[in-house]
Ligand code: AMP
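Take a look at this single chain in structure tokens; it is the form predicted alone.
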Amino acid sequence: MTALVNELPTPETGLVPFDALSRETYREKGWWTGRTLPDVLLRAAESHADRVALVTPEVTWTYAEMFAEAARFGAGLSRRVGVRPGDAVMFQMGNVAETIVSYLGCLLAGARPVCTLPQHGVREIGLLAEHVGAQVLLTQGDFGGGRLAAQAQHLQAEGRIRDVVVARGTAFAGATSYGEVIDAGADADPAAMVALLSDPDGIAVFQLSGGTTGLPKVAPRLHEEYAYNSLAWAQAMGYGPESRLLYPLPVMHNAGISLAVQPAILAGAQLVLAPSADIESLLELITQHRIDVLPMMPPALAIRLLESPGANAADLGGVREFVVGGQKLPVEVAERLRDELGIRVRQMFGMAEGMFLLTPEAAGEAVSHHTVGAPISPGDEIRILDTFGEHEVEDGQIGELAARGPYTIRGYYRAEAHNRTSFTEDGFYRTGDLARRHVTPDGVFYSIEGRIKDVINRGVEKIHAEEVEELIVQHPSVTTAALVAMPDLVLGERGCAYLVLENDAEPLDVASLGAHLLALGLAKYKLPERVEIVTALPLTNVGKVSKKALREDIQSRMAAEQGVVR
């Protein structure tokens, strides 16, 4: 294996360098270490070699065992598949031990994991592979009844992927099995592999932007900044060798890597990887493994936990950290978790591009129930910008959240057009999230007030969906709600409310919902002009309400009503 060669920043790659002053400051502060990500992870693992690192339904591995297996896989990728340092390697795997081994193995080999999700289709994987120049795809053969393996075979047959490695299933003709890769790297030494990697300024991992639509937006996570991202989170959460984390969401998403996998390694903690987010299974795992940390629970899963018949009977007393993120948590849900299950909630906000915010451990409910807290690093900088992105708004006013710091990217990969609009001239990332700064006697905290694009343009008036949703869920009959735009020939868009109601609740219509909202002081022009009652809201791959699916649904309903064939 040859030493990893530095990839110089160019407009094409979008690998925007941290300026010399920032780099020097981050290293002086000890946030950056001058070491590669696999070096940092391996050193931590060596200091906890005999502790349990990973638990799945099939394996219980110590840190020594997990990294030995990862080294075998990484060396096997080089010898059997021809992966070289700097190569991008596509992932399409679920929450299994082989995923963790493959991820760490790629890092040890100097390859760059491209963290896609098993829910992605042929089109998305093909576009992303072309975008980052990947020729190798790691797939899980038994996921979705063989769907991922069939996709991989199709991509390889089209010539869009050169090599496919199949874990947990029979490799098809032309593919390589996971076992063959492991066997090819049988004598690998992780320390020797790390010693060959000499570029802490280069790209370590490719993560997908949570807001990706159309052409890919890929966040190039650099070695030092991605390592620090995970370390800062572990410190903010108080992870230690006795911590037991449970992670049920797709582990190759940025949240899985930077909230769970890497922070657990850096702290010597135990990670229990849940195969799915099924609530009854999660309750069983919490009891069986004495889980004390759930680092990411979307509001939808928190609500399902409350609705679970087994939740009240489960022993949840050992759960000291229950972190909700991904979307705004209704205050009523936080209060029910407290009152019915004895769970104290902390909220967080994070993104594949970097910045994490977290409510402090000692914060009162005014902070933990109504904000997402403060940045996790003293090096983080936040601005709340006006509509034009030029000036900061006053404290307490809504504006666009912009972030800069030691683990926030400075540019998307090969996306010059995106970078021109997504970053300020002095390197602040414009998130597209609406936020508000709250200056209190206990500190400065931030609340997320929706997305700029999650705005309904009703004629000349703009309706922020989350503002209306927060008031809708105060109705005693409503469990959860989502407001989306529906097309209108006159006004351009009007609001349609999707409601999930309590059992046996009387249905709400436009008039009764409008009366409720008017009584709470909402302006009349913001009232939903259509109501759809559903049993559940559709979710994205990472547990967020899929507004895209709802917009498509209302368009289909309206087309059917008008006799239009779509």
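Think of the rigid core as the biggest set of C-alphas that the two forms share within 1.5 Å after superposition. For clarity, every value in this text was computed on a predicted model and none was experimentally measured. One rule holds for the numbers: they count along the sequence shown, beginning at 1.
Unshown form predicted together with this ligand; subsequent notes refer to it.
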- Item | is_contact(residue 244, this ligand) in the predicted complex, heavy atom dist at most 4.5 Å | no
- Item | residue 353 within 4.5 Å of this ligand in the predicted complex, heavy atoms | yes
- Would residue 469 show up as a contact with this ligand in the predicted complex if we use heavy atoms at 4.5 Å? no
- Query: Does at least one non-hydrogen atom of residue 253 fall within 4.5 angstroms of this ligand in the predicted complex?
  - Reply: yes
- Where does this ligand sit in the predicted complex: which of 414 to 422, 326 to 334, 141 to 149, 177 to 185, heavy atoms within 4.5 Å? 326 to 334
- Item | Contact at 433, 448 and 453 by this ligand in the predicted complex, all three, heavy atom at most 4.5 Å | yes
- Just give me the single entry in 343, 129, 348, 231 that has a non-hydrogen atom within 4.5 angstroms of this ligand in the predicted complex. 348
- Of 462, 391, 84, 123, the only residue with a heavy atom within 4.5 Å of this ligand in the predicted complex is 462
- Message: With the partner left out here, which residues of 102 to 133 have a non-hydrogen atom within 4.5 Å of this ligand in the predicted complex?
- Response: none
- Query: Do you see a C-alpha shift of 2 Å or more at residue 453 between this form and the one not shown, with the core held fixed?
  - Reply: yes
- Message: For a quick test of reading the superposition: does residue 493 move by 2 Å or more at the CA between this form and the one not shown, rigid core aligned?
- Response: yes
- With a shift of at least 3 angstroms, figure out whether the C-alpha spacing between residue 525 and residue 437 grows or shrinks in the predicted complex: closer or farther? farther
- Change in CA distance between residue 434 and residue 525 in the predicted complex, which is 3 Å or more, as closer or farther: farther
